[in-house]
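Take a look at this single chain in structure tokens; it is the form predicted alone.
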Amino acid sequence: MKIYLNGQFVDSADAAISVFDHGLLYGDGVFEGIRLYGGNVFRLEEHLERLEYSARAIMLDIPHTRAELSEIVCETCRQNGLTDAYIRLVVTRGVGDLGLAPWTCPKPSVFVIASKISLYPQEYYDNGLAIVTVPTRRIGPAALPPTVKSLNYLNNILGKIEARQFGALEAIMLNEQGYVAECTADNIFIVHKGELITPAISHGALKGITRDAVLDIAEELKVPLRDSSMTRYDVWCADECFLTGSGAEVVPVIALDGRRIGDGKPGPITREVLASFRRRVLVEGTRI
């Protein structure tokens, strides 16, 4: 496997980051998880825009233009002979000293990995996931804005560990006020009385690229849509539920905390959204 690393393509065994890189030492950096479908990098421009905004928010200067990053991403796929892949684009603060100060890091590090991913087995797309709510709360927007897709994912990882302890593959994380923020790695949607509802970004959710695609799909399907405060009760009493993310795509949820959602099967709006999403991923984006 070839990895892009700071201006060159190297074998994965030789792709090394310094132990003094602040991305490793402190989680000081930003990243994007991107998908390649049939030679089409889905919504690459939107991913690169979000990366720029995340970097701007933490005052990290990306040493490439958006056009250069686009070509680097595409070339990484070509170097590995891939037409379907998961792409990880990472920008770290770079090498510095052992102190926190980011101004000791004169040059950011940039690397791109393109490989395969299968987050959930096909049976879960066919039959749905049973998920739980975990005790760990989502970091508040005043502490770290959820719109910054940073390398510091320990909050999410703790939620993922708890999900596994409860026998689930994914889990809802609440914010400090007790409202649903997002899942450990996905945004969440419910359907109630024909309306599609998702937590507001201000409640601690990442502004997901797949989430945005679903907003467009809802308009296409003429499904009423709103973002709103959402509690566990709202999910328990929903007619349908599904999760979205670049890794997960659109995956149905059929139970939360032991309560069956709807009839316990993926619902009709969920199936329509998934079908529309799978058509869009082949045409919306950048051909490699």
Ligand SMILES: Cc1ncc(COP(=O)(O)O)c(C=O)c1O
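These figures come from a predicted structure and were not determined experimentally. Heads up: residue numbers just count along the shown sequence, starting at 1.
A second form of this protein, the form predicted in complex with this ligand, is not displayed here; the remarks below concern that form.
- Contact with this ligand in the model of the complex, defined as a heavy atom within 4.5 Å, holds for exactly one of Ala130, Ala185, Ile197, Cys77, namely Ala185.
- Remark: none of the three candidate residues (Thr136, Arg137 and Gly159) comes within 4.5 Å of this ligand in the model of the complex, counting heavy atoms only.
- Put simply, Gly94 is far from this ligand in the model of the complex: not one heavy atom of it is within 4.5 Å.
- This ligand in the model of the complex comes within 4.5 Å of no heavy atom belonging to His203.
- Using a 4.5 Å cutoff between non-hydrogen atoms, Pro108 does not count as a contact of this ligand in the model of the complex.
- Shown alone here, Ala163 lies farther than 4.5 Å from this ligand in the model of the complex, counting heavy atoms only.
- Per the 4.5 Å heavy atom criterion, this ligand in the model of the complex is contacted by stretch 146 to 154, the sole one of 146 to 154, 122 to 130, 68 to 76, 100 to 108.
- In the model of the complex, the residues of 205 to 230 lying within 4.5 Å of this ligand by at least one heavy atom are, in order, Leu206, Gly208, Ile209, Thr210, Arg211.
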